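Have a look below at one chain only, the form predicted on its own, in structure tokens format.
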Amino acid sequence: MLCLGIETSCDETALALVRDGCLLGQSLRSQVDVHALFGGVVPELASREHGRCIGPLYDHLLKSCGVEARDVDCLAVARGPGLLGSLLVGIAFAKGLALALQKPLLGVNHLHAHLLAAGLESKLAFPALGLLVSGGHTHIYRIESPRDFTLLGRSLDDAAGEAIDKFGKMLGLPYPAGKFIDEFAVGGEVDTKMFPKPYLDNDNCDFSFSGLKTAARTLLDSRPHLRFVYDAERLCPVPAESGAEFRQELALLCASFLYAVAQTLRLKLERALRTKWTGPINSILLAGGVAANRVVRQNLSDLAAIAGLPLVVPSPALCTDNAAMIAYAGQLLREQGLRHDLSFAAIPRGQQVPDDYWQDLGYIAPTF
């Protein structure tokens, strides 16, 4: 089965072809350079960039893979959660193709696709406990199959990736700041008491990183010399100070912040392993952009080893938003006989799906 996947949920325009669980190719256009000027994603600009790039990327993908449009067996598109304008561009393009080619179309849950992405590289063992850690979401799921996800915990305000990016913005680093913080933290000693591990004084598996963000701002207000300043001549942020002492203090700060994030994720996932709703599992899946962070990976790898479970993590290229995961998830769902008609709507971030929204059991009913 050859599945074409389309991803436009935020600021990456991506299309990919997956045949029988193997990635044939992907065309991707990142908008980081566009949104870096504003310190974050501007929804209107994102949707316009998707509309400008999606057609040429489609043509390039087919040509580079040596595939004709008629060879595609089914199409899959991210229908949410995400930015509404961005989602609509991808969904409209997918519906037009499905209508023209007379091929089945599936609207895929973007979050579920992240957690299934590792299946492109290794065999997934179900039931699994999945932790999705991205810029917009921090969720824990029990996963019985590619279509059966039970939400155990979610981010109530700032997600882990959002907290890291905002911490970077406080430091004066360019967007997205996660990769810079990870680099600065290399070799830094960890002060386990520098930052709090937020929202642990409860018995649930939900996340809230807003308190960590507030603690970081308070700390930086007392250490303004650690902030970066913009150099108009070099057109980039530069350290307010220099020297070995500054680098050492910056490494301590970044390493301690990432430790607080990683430990919070670990402790909540450990709680999920013990909760009565989880039940026996065969593996732990880690996915999302923050899954590429080495501190997060190490902490969760240690937890999996203690629990005696394999930790399955996609390669870094499959951690960030991509179309390969959409195509792969679409293929798995299509193999179960599922499809949508052309009336399905986008489900942006934060929108709840009514219980009676789905009438035909042949359609996929994602829960966000």
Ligand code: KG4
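What you see is a predicted model; the values in this text were computed from it and never measured. Residues carry their position along the shown sequence, with the first being 1.
There is another form of this protein, the form predicted in complex with this ligand, and it is not shown here; the text below is about that form.
Colleague: Any of the heavy atoms of R79 lying within 4.5 Å of this ligand in the predicted complex?
Modeller: Result no; R79 lies far from this ligand in the predicted complex.
Colleague: Does S134 reach this ligand in the predicted complex, with heavy atoms at most 4.5 Å apart?
Modeller: Yes, S134 lies within 4.5 Å of this ligand in the predicted complex.
Colleague: Looking in the predicted complex, any heavy atom of Q26 within 4.5 Å of this ligand?
Modeller: So Q26 does not count as contacting this ligand.
Colleague: Using 4.5 Å between non-hydrogen atoms, is H112 touching this ligand in the predicted complex?
Modeller: Judged by the heavy-atom cut-off of 4.5 Å, H112 is well away from this ligand in the predicted complex.
Colleague: Can you say which of 57-65, 314-322, 298-306, 31-39 gets within 4.5 Å of this ligand in the predicted complex, counting heavy atoms only?
Modeller: Comparing against this ligand in the predicted complex, the contact stretch is 314-322.
Colleague: In the predicted complex, which of the listed residues (L129, A292, L120, A262) lies with a heavy atom within 4.5 Å of this ligand?
Modeller: Exactly one listed residue reaches within 4.5 Å, namely A292.
Colleague: Go through K179, R247, K197, K169 and name the one with a heavy atom inside 4.5 Å of this ligand in the predicted complex.
Modeller: Going through each option in turn, the one that passes is K179.
Colleague: For 135-168: residues with a non-hydrogen atom within 4.5 angstroms of this ligand in the predicted complex?
Modeller: Heavy-atom contacts to this ligand in the predicted complex: G135, G136, G161, E162, I164, D165.
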